[in-house]
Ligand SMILES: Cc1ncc(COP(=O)(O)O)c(C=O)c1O
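As a starting point, one isolated chain is supplied in structure tokens, in the form predicted on its own.
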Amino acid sequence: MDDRFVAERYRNRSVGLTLDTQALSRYGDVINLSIGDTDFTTDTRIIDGARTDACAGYTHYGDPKGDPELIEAVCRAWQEDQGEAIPSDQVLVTASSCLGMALTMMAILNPGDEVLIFSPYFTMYREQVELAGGRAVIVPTYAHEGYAIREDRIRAAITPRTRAMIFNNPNNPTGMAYGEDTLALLASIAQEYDLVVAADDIYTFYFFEGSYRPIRCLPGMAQRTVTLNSFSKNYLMTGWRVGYVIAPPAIIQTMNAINGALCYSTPSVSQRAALHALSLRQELRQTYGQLYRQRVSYSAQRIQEIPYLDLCVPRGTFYLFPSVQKTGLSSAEFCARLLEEAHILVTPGSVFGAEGEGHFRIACTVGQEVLREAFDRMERLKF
């Protein structure tokens, strides 16, 4: 391919997290466990509310910072759920949390600044850091340690150029959910080294042990935390592409200015859908949090019964991240065989960083009967 007109920084980029449409069409009975897109259609009350608002005229450009009603609802819900008052000038509505993270990096990083990323990590983080001119510095976590975030490894990774850290809780792809001890550790280090914490908190309905607590709510953290949230996973609204950011006013103002050069504002209809979704949050959290917990619990049990797999039991999200080291195959080789011999599509762990090699990610975004069939097929394989 002639790439002479492509910027040098993109010529050798790796393939990110994408849907393998060719694999889906190769076999007629493929079970797709690869993409974290919830299998439920958005609640009809949300769709109907958005449709009514669209017919009432919410089809135009809106306030670039976000629909004022939605921002007010975000602030109100945050205070009710977290006990913290959030002024409206600390909220920006974004066209997805992926865009929100990219805007965050562009707003806070100078060329060459370093960002700590805990690996395995959501594959887009590295690109979002590098797109902003920063450098990703990997802090490893390991399955045999329960994916614990260790202080010695963080300190070993910090240099005078360290500007921020990205913290995903609960974690995609490992399914680990971190509690008070880890939050306190990260808060202490952030304050000691004057770092920004970009808290990717988009799976907050899916905590299986304890409950979600934002790191920004710890003492001294509100002024140095950028909290990213999304309606995609919690509210089953992946296709609406809407999320929001809570951050100090100076960062919000900068992100808003950058966003103006990219997409100006989040789609008005999606914002109205998000407004209706917030009013249903307790019901949706109870219903779908419990449902996905059951799926993950069932899947974990089945994986533990398969002799060639090992699993660090997840504590959140709707993902599992089994190890294939007993097979002697790389993650890509294993996934290829799983597709060819069992017609199951999953994601190789290598796309989530070096520490993901030797694993694969399962997304429990199909019903339990389909999960049962998938694990029955896996059990029949020999390695």
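Residue numbers run from 1 along the displayed sequence. Keep in mind the model is a prediction, meaning the values are calculated, not measured.
Keep in mind that the form predicted in complex with the ligand is not shown, yet the notes after this line are about it.
Heavy atoms of C98 reach within 4.5 Å of the ligand in the predicted complex, making it an interface residue.
The closest non-hydrogen atom of F321 lies beyond 4.5 Å of the ligand in the predicted complex. Among heavy atoms of R302, none comes within 4.5 Å of the ligand in the predicted complex.
Using a 4.5 Å cutoff between non-hydrogen atoms, Y125 counts as a contact of the ligand in the predicted complex. Per the 4.5 Å heavy atom criterion, the ligand in the predicted complex is contacted by stretch 166-174, the sole one of 130-138, 205-213, 166-174, 250-258.
Residue R241 is the only one of R281, R241, H276, R295 with a heavy atom lying within 4.5 Å of the ligand in the predicted complex. Only one of T182, S268, S232, Q90 lies close to the ligand in the predicted complex, with a heavy atom inside 4.5 Å, and it is S232.
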